[in-house]
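Below you will find one chain, with nothing else, as structure tokens; this is the form predicted alone, and questions on how it binds or moves follow later.
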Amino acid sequence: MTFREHIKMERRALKELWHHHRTYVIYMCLFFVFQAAYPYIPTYFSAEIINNLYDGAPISTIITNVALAVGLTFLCHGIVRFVQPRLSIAHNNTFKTEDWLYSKKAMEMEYSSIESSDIALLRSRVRQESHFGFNLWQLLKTVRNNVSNITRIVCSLALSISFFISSGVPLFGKLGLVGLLIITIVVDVLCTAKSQKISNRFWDECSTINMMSDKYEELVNNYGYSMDTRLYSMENGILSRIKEIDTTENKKGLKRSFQWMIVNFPKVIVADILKFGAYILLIWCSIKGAMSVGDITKYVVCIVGLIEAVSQVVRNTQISFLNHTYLERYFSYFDIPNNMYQGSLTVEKRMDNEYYVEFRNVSFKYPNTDTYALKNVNVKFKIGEKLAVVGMNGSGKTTFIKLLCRLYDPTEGEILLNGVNIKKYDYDEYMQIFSVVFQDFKLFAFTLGQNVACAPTYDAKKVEECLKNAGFEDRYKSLPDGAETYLYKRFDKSGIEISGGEAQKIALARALYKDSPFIILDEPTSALDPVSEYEIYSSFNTITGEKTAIYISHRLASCRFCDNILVFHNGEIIEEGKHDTLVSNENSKYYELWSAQAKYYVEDNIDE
């Protein structure tokens, strides 16, 4: 980076710090200003009292200085104690705010960014660097240290200025002290630069190791993996791998510490020589009678403190500039743009529910690929239709749904809602017309009602009705707290464990609760037993009512309940029609899939 770029980065980082962590910065500055100033009060007044006693000053003067020393010390100490718990709370809130910023950014990203492995790795690395005290956390540390050290510099100069202007101190002594201070700063800068390079190289080498360590730790700490771990005797392999990773990192850490010791040794030697020189100069001045015993006490503390504080400010400024590499990576994550056009049109609310969706010559490639996931798709359907989407794995079924829900935009062609390109609709409002249950849906360790409503508050009667329609009624009646029953035991020890089929029913109830015009179900009954599957499909027309229902399914029996079937193959719609029509064509792909499944069930029955 150029110097101008460093300044620009520092200004942006400080602005970000003030915007999101203002309370913490204020309390931090107050705390470290008074904490740094606190020792100078007894230093100054001790020197004054010694001088008073040595000079035979009136007792009233001595008592006044003692009272001021005790009073100001008490006041400063009281301010520090008052600010400290508030600083602790603000510090904890800063961690929470940072977590919230990462979550907020993830929610604001376009879906293609969420699915990108490069962005996932970037996010993981930035969070790791935050965890180890770089980027914004290093900036906070720098601000804290500089506030403290600048306070020390101001206090030291205020109390030792008389030393530098005193005619009793020889000029060569003053110049020598300043010269040694400059040499110390130069050596400090060079040593800090080398040690920081060693540190950066260490963290770069360990970034992949740390990510692997986090993943293995998750296997150990997440009870959801515990059954597989035990059944497949994985514990020894996992623990040995964690030990291997830790050993590798520890060896690198020891190497870094040894290199640090060698690199920083000149800095320690020069700093000690400077302090030694300051002591010699002060002792010489005292012998010559250029200063009193009290002044000696004061100047020793202040000059040594000044030397250390100036060195620390220079070092912190240098580290701050070196931290800009981490800040640049930190901001590169938060600067990832959302290039998906948001639109502004309101989705038309029609009383007659005459909504039409049309895919017109739609083709799509996933980012960073040259292969079409969908190619020249043309289809039109309206509200109230029951549409099945079938095909082999990788044929484009889920991609079709992602485009309909506008998780991605088509590479070519357009998708229309009532004749208007869906890009022109307000994005958030358009998303509200879909209730989707994807195959990899997630349930949370919250209450059952919150899982169904996807909200902290909910309509309990509506939750119960949706669960009933989704086939969860029998299990619901057995729950001790009804909709207030917690799923899993992460937050509540009385939480219940549910089967895969039950989880699928809850996810289906979630889609019904949202009450959107479109219900999209990706393998909605894959985890259900045959009886439950039949019950769901038998009542599906009643459940969905006049809503549009789109099913992605490998079980072609579900297609018999649908008004229309789209058969995907290699990213294209190769067949379309009703079940009876498609199955009657023995040369069709649908017939091939149907026959393969029918043969399986026939053979299964024969075996029985």
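When you see a residue number, it is the position in the sequence shown, counting from 1. If you superpose the two forms and keep the largest set of C-alpha atoms that fall within 1.5 Å, you have the rigid core. This one's a predicted model, so the numbers in the text were calculated from it and none came from an experiment.
Keep in mind that the form predicted together with a small molecule is not shown, yet the notes after this line are about it.
With the partner omitted here, the residue from T369, S499, S257, T247 that has a non-hydrogen atom within 4.5 angstroms of the small molecule in the model of the complex is T369.
For the options P85, G78, P480, G394, the one in contact with the small molecule in the model of the complex, meaning a heavy atom within 4.5 Å, is G394.
Taking the partner from the other structure, the small molecule in the model of the complex has a heavy atom within 4.5 Å of a heavy atom of E115. Among residues of the shown chain, T398 is one whose heavy atoms approach the small molecule to within 4.5 Å in the model of the complex. Contact check for A373: a heavy atom falls within 4.5 Å of the small molecule in the model of the complex. The small molecule is not drawn, but in the model of the complex it has no heavy atom within 4.5 Å of Y430. Note that among 272-280, 385-393, 513-521, 488-496, the stretch whose heavy atoms approach the small molecule to within 4.5 Å in the model of the complex is 385-393.
Superposition of the core reveals a Cα shift of 2 Å or more for F364 between this form and the one not shown. After superposition on the rigid core, displacement of the C-alpha of A90 between this form and the one not shown stays below 2 Å. In a rigid-core overlay of the protein, K194 has its C-alpha displaced by under 2 Å between this form and the one not shown.
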